[in-house]
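Below you'll find only one chain, the form predicted on its own, shown as structure tokens.
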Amino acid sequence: MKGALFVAGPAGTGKSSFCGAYKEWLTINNMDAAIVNLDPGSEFIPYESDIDIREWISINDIMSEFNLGPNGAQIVASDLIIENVDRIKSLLDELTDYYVIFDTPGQIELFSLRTSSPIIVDSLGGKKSMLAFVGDSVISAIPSGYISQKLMYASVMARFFKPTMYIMNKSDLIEKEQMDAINSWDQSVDNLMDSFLSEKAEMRKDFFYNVMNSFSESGLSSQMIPVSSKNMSGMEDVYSGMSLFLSGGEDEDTLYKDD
């Protein structure tokens, strides 16, 4: 494969819709692309998958075999993915010139917290792996929502420690003024804290200021990319970020290498 993009994000942010839209954008622009569904619990996916983990793992079978409820079965299923890595790799070997998009489990904790997940990413994508965290523009239009999603984004980066793009999906659902405000928060912790205190005046400014400021100053932050899975705006920026990493951009992945 040319490159692997593992797409993660909280439930409801439009992660799977982004995967489908990004594949469609790549195809329209005359690039070979494929989607691997790694979510064994998904009942519906808004795209035609090229490889689907549900062919080998069934949530209903796990519930019956291990006498588990839906949540317990989801946890077992997420760990069982690693047992099917070789099957997936054999199919990926046929996609030599493809950009491969991996749609990860819909509940972000099933992907980001399981010990098997970094192994799966390294096994399937190797050195060509990068991640995309998908956030929700509507949620991020409120300062507390913006901070909450940024912290989830930080947890994904800490867990996998690979180049990660911050994708702000559903940009078509908010007003330009709201997107301008989000951009200002992304560029200035002071702007963010001023807006946050207007929303929650009783909160301790020093705590959240230090958290967000350290996140920014550490260099672990990355510029968000507003996209819309509906009209495919922003997809070119996603591709540019991916291409920069794959072509060995000068500063793109220095944080993820040993000194």
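We number the residues from 1 along the sequence you see. Keep in mind that what you see is a predicted model, and the values were worked out from it rather than measured.
Omitted here: the form predicted in complex with a small molecule. The next part is about that form.
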Heavy atom to heavy atom, is S229 within 4.5 Å of the small molecule in the predicted bound form? yes
Can you tell me if G241 lies within 4.5 angstroms of the small molecule in the predicted bound form, counting non-hydrogen atoms only? no
Heavy atom to heavy atom, is D122 within 4.5 Å of the small molecule in the predicted bound form? no
Using heavy atoms and a 4.5 Å limit, would one call L173 a contact residue for the small molecule in the predicted bound form? yes
